[in-house]
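Here you get one chain, nothing else, as structure tokens; it is the form predicted alone.
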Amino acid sequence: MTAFPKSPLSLWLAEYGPYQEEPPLTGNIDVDVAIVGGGFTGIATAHTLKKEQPSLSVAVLEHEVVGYGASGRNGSFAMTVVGLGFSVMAMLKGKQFVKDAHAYMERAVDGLEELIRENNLQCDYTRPGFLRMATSPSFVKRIHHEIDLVQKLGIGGIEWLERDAAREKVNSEMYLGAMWEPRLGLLNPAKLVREEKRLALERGAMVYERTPVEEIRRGAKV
């Protein structure tokens, strides 16, 4: 086992417990795909490439340990929210953008759950759903406006909960109602990225930790 660096850790990384690092890269290697960064994107790309084309040689190069950056320091939500909300994004980007972006995020949330379930990734995953609670009459009006826009765009799965229905989920006298969307997952991001690393290694990808990338040169392969 290797100790973590002395720099501050996120809650997820600090509570993860003993962790077996992959050894750093020494010497030269020649691979089909070299991935810089061992966060969600890098590790997911590695195991997806190996799943789709097992013959590819794939290596992930991580400066610290996988998940050390943003992937191990986020809020643990897998949700469909895009930007600043439906109304604001419709104003800034257009209604079609909102519709397309929400559909994309639905696929992303569902795809993550599928990955976790199919591969038995141990990351404390649950799917409690998303509530946006209204605490004032003006907020009730605002949420209704959001839901009306969603329905006009043909987006399903989002509904208004009246006061009693909302309080059955979170019992507080402050709440006057809520927007409810069941498509939201919670998980431990540090566990997820390390489980994804395990999956990538099992598929035959190479992962090198404590391996900073100091230079990238673009050009024809020699």
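Remember, it's a predicted structure, so these values are computed and weren't measured experimentally. The numbering used is simple: start at 1 and walk along the sequence shown.
Same protein, other form: the form predicted together with a small molecule, not shown, and the subject of what follows.
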Which of these stretches, 47 to 55, 154 to 162, 34 to 42, 171 to 179, has heavy atoms within 4.5 Å of the small molecule in the predicted complex? 34 to 42
Is there a heavy atom of residue 212 no more than 4.5 Å from a heavy atom of the small molecule in the predicted complex? yes
Is residue 70 close enough to the small molecule in the predicted complex to count, meaning some heavy atom within 4.5 Å? yes
If you check in the predicted complex, is residue 59 within 4.5 Å of the small molecule, heavy atoms only? no
At 4.5 Å between heavy atoms, is residue 97 in contact with the small molecule in the predicted complex? no
